[in-house]
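What follows are structure tokens for two forms of the same protein chain, given separately as structure 1 and structure 2.
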Structure 1
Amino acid sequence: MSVEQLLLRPSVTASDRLLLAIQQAIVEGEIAPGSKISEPELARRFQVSRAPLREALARLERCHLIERVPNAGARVVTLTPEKLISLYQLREELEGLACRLAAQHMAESEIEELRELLDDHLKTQRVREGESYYQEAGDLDFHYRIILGSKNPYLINLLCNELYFLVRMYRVQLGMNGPRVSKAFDEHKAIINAIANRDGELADLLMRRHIGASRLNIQIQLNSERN
């Protein structure tokens, strides 16, 4: 389910809708990395009062999209090579583990749904031609689905809640286009095959290599922007 579809669900509270809307704006760069957070400006933009906005900002800080800078107030996080390396080192370890657990615990129906998800991704012209590989958040995201398939609640909370949107910020703004598109898609297919064959060791190794290659791709872009 996409963020837009989630925002329309009646069970989603106004506070959740506000959080999701600001999260999406930050992840997609509409609110620029490193920019100062202005509560009056955000309140006008999203047509909310200051109380729910402050609650949303506190939640955004907990998921690492906003940081408090001494004597400068709150800002959107900056995307740097140093932060990328720290974050992706953690991703390699934990998503590798998620793959190993998914090979043990995912039902055959879940694996088939994951294959269907990749088929849907390939149907987009941009993926077929190697131009870009944009995945919606949540259960339309290949990585998210594998993490859920691990069936480990602590792992799911860390990767699908606490760190998820910070990871997406790097992926969406810097990692979903260019020459890595077709390679990334093929790597996804190989990971699914390993999970389907119940080969946890191979699935773990392939995911680590996949995330490592993505890190290097993003790091090159960040370094070129810095220079």
Structure 2
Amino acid sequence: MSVEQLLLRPSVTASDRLLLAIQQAIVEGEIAPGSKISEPELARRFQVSRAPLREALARLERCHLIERVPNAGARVVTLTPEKLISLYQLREELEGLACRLAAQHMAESEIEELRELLDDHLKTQRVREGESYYQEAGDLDFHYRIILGSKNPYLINLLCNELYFLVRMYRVQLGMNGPRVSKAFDEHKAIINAIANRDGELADLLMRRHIGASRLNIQIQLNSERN
């Protein structure tokens, strides 16, 4: 299904649909990193006026997928090792915090659901070994649930709506579906156990390591790609 066709099913408002469509297009590289965003061109492409488009662009800037300069237009961000490190420094800190808070605030039922989620992923992973399902959707689900479990609205909004699209962009564009899958699974399991034991400090530490390992993985790929 092409990106344009996604616009056919009505969501809520035109700029909402635009946002989703362009987010996906940028994350998946359909709109190349570093390329200039032409408002007239995008407006024609998505069959809308520039008003909702500009609103969508404002929100894209919010999640760091584009960079705007007044009176000079917008560009899709570029992926660099330096930005990756900066991004993951933040992510480590914030998801570590999310773990500590989740250990305090998550209901037993939520923890149970998280365990079931992980078991589902294990089955799926065994069935279609090597496919990138787990890395993309599954890992995302896992992190999202813990973030939501923190019950901190600012933290939730920040990670889910402002930072995670960039994280996904790095992963998708560098084709991150390698051998870290099974190892990531074990790390996830350990984090859940810590949260279930209400050991926020340990969950924090494990999450930081988990994210640090993920960063290293991407870093290697990114550096080899630029050789």
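This one's a predicted model, so the numbers in the text were calculated from it and none came from an experiment. For clarity, a rigid core is taken as the largest C-alpha set superposing within 1.5 Å between two forms. Structure 1's sequence is the ruler for residue numbers, which start at 1.
Novice: Which number, 1 or 2, marks the form predicted on its own?
Specialist: Between the two, the form predicted on its own is shown as structure 1, not structure 2.
Novice: Spell out whether the Cα of R171 moves at least 2 Å between structure 1 and structure 2 when the two forms are superposed on their rigid core.
Specialist: Yes, shifts by 2 Å or more.
Novice: Is the shift of N193 between structure 1 and structure 2 large enough to count as movement, that is, does its C-alpha move by 2 Å or more after the core is superposed?
Specialist: No: N193 shifts by under 2 Å between structure 1 and structure 2.
Novice: Core aligned, does the CA of L202 move at least 2 Å between structure 1 and structure 2?
Specialist: The answer is no, as the C-alpha of L202 shifts between structure 1 and structure 2 by less than 2 Å after core alignment.
Novice: Cα of N71: shift between structure 1 and structure 2 in Å, core-fitted?
Specialist: A shift of 9.0 Å.
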